[in-house]
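Here's a solo chain for you in structure tokens, the form predicted alone.
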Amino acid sequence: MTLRMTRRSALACAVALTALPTAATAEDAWPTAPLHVYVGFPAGSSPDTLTRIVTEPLAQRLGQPVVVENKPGAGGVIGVQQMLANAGDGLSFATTINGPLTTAARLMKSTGYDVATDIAPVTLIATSPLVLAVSASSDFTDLESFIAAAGTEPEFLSYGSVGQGSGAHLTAELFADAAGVSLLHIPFTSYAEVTTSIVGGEIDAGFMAPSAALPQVEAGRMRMLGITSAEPFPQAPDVPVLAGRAGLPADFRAELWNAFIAPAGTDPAIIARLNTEIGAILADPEVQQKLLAIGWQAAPGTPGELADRIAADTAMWGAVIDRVAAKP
């Protein structure tokens, strides 16, 4: 009788153990439902297109649909807010440009979240530098002549951007400080207006994406004096970097970037899985070319590297914002 009970017990235990998933099986089973990736910009925008370039193959690799949710507004902040509003399900994420993670807290009364405690970095996706563009009919043929003219007197030269606190505005102020000059900021309501005003000679210069400047350069209407990345950019390989030229520091760099993020508290195994899958996607030459076509260069990394980038850029742009605010 005792032997029979032992066998039955052993059989029951075996069945029970078979029914219980191992830790590896549970991890591999994720996701069991569609993912939702929030984007703080409208459909068809550059951040949206970038997101879809990544999420389409991500859905194939994960075996579940990845739904892109466009929640535009407040420079991308609303997209992050929507992700956090759905936190806790292990299925809600976001892609975002750097602003909502680095400068928004300084430029807005409240974002509704704390990057340090509410956001879990997953991976950097891509970076995009800006070019210093001038009219092709201007006297500025190189960076040296531009900085020399800018140093004639404060605000002797003007530049345009799409508004106070925009990437182009802060980049121009970072550049001016590094060059030891003062430039006059002229805000516009669209990039098209900035471009038209540069070409028409109404303003002297502007910082813009290479993809925006290249058509004007090819048409003979605009000239690019330098690029803000640390190395030449594949989309405009002949444009020299600004770093180390005309008195600018060798480490000068100012880039826009886009990252994949999760709500804080997301299972580390999920973050690791997403990091691995997105890294593999960004290593695909076809994906890299699709990103370059819209002005982005693939730049995957670890969650820790993204956290460091957020911290460094928050400090750098925070100092620029403080200098701008202190201007008379």
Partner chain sequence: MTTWEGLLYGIGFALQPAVLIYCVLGVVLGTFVGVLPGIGAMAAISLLLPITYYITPEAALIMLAGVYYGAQYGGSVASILMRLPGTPQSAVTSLDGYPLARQGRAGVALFTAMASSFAGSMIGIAVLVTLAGWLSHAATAFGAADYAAMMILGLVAASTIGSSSPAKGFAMVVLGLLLGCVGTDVNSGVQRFTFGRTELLDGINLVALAMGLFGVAEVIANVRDPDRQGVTERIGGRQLLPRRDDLKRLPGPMLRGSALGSFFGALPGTGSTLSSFLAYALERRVSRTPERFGEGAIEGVSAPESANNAAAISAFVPTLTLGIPGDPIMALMLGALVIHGVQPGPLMLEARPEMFWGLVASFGIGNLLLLVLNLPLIGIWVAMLRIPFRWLYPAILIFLCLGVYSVRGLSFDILAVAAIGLAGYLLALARFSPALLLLGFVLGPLIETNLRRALLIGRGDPMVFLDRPIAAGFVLATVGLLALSLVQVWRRRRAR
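The structure displayed is predicted, hence computed values, not measured ones. Residue numbers count along the first chain shown, from 1.
What comes next is about the form predicted together with the partner chain, which is not displayed.
The candidate spot formed by V77, E202 and A293 is fully in contact with the partner chain in the model of the complex: every one of the three has a heavy atom within 4.5 Å.
Though the partner is left out of this view, G163 does reach within 4.5 Å of the partner chain in the model of the complex, counting heavy atoms only. The closest non-hydrogen atom of R245 lies beyond 4.5 Å of the partner chain in the model of the complex. Proximity of T189 to the partner chain in the model of the complex: non-hydrogen atoms within 4.5 Å are present. Although the partner is absent here, R52 is a contact residue: one of its heavy atoms lies within 4.5 angstroms of the partner chain in the model of the complex. Residues of just one listed stretch (296-304, 265-273, 279-287, 63-71) have heavy atoms within 4.5 Å of the partner chain in the model of the complex: 63-71. Of the listed positions (L107, A120, V241, A176), a single one reaches within 4.5 angstroms of the partner chain by any non-hydrogen atom in the model of the complex, namely L107.
A heavy atom within 4.5 Å of the partner chain in the model of the complex is found for one listed residue only; from G180, P232, P249, P215, this is P215. Of the residues in 30-50, those that come within 4.5 Å of the partner chain in the model of the complex through at least one heavy atom are, in sequence order, A43, G44, T49.
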